[in-house]
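To begin, one chain is listed below as structure tokens, in the form predicted alone.
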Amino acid sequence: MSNRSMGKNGPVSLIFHTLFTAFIVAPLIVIILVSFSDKGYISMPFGGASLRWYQAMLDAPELMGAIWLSIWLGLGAALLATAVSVPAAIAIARYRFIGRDAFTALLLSPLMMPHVVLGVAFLRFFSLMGWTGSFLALLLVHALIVVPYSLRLTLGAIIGLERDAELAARSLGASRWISFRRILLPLILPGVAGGFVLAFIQSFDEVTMTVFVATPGTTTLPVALYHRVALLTDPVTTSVSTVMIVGTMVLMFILDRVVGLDKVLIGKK
């Protein structure tokens, strides 16, 4: 079989992928449509379009407060994760030291730990330490679980990178910090920026672990939506969900432009 024929999908494959994509996207489309409902409850179809539930979202102080908290929490967690990932990735990619594999596995371990287990463990830990309700504690936990996403993209940017320019700068008298800031960092900046965006998205959307450690004073948007769905059935949740869907799509588009989704999802160079 030729490479050309192997690279093409047959009609059955195209039909299957079309149906599969429609199955995945259909719930998102329904949520977006329901967010424009003019009725006081979630229903499809509806009689006419309205923006009343977007206005209701803006008029709900608990939701707006949760949105801003999630934004600041995501930015802080992504910033801390990046600050940890960059030196860690340089050490892992450039040096051979005792415990290197164990160190790498430790940083990537949040990917393998169920978030329910992490939530229960941190709830117990915060209770013992007296940190319950602390924004700083929530920030550290979110930074911990998004470090793997930032680390993977930063590692992908560093591994295989030639050191000729750095060595030339060092031979001309540049310090390690100068060679890092002016040579290495610009070269790996797409991976670092992509890791920052992906870490922010993961932090902003995290709910499974956060529901255990969040308090009324540190309620993130996903947790607020979780509690609202349990009590109410108005379309406000769909309007907020639509904003989150559109926001995630915009950030993923930025991530694709900066570093490429193929590199993020399948590790393609």
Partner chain sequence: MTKLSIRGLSKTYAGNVQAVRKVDLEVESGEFLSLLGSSGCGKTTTLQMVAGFVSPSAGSVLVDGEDITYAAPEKRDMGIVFQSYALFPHMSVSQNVGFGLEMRKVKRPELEQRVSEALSMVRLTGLGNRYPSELSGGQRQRVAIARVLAIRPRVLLLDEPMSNLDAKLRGEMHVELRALQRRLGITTILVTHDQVEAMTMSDRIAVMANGVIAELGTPQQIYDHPTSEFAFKFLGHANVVEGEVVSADNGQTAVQVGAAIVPARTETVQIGHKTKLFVRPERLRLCSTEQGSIQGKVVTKLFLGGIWFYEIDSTVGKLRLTVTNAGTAQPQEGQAVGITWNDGDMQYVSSEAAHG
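Positions refer to the first chain, counted from 1. None of the values given here were measured: they were computed from a predicted structure.
The discussion below concerns the form predicted in complex with its partner chain, not included here.
Its partner chain in the predicted complex comes within 4.5 Å of no heavy atom belonging to residue 192. Residue contact with its partner chain in the predicted complex: residue 102 places no heavy atom within 4.5 Å of it. Residue 133 falls outside the set of residues with a heavy atom inside 4.5 Å of its partner chain in the predicted complex. In the predicted complex, at least one heavy atom of residue 174 sits within 4.5 Å of its partner chain. Contact check for 162, 165 and 168: all three have a heavy atom within 4.5 Å of its partner chain in the predicted complex.
Residues of 85-106 that come within 4.5 Å of its partner chain in the predicted complex, judged by any heavy atom, do not exist; none qualify.
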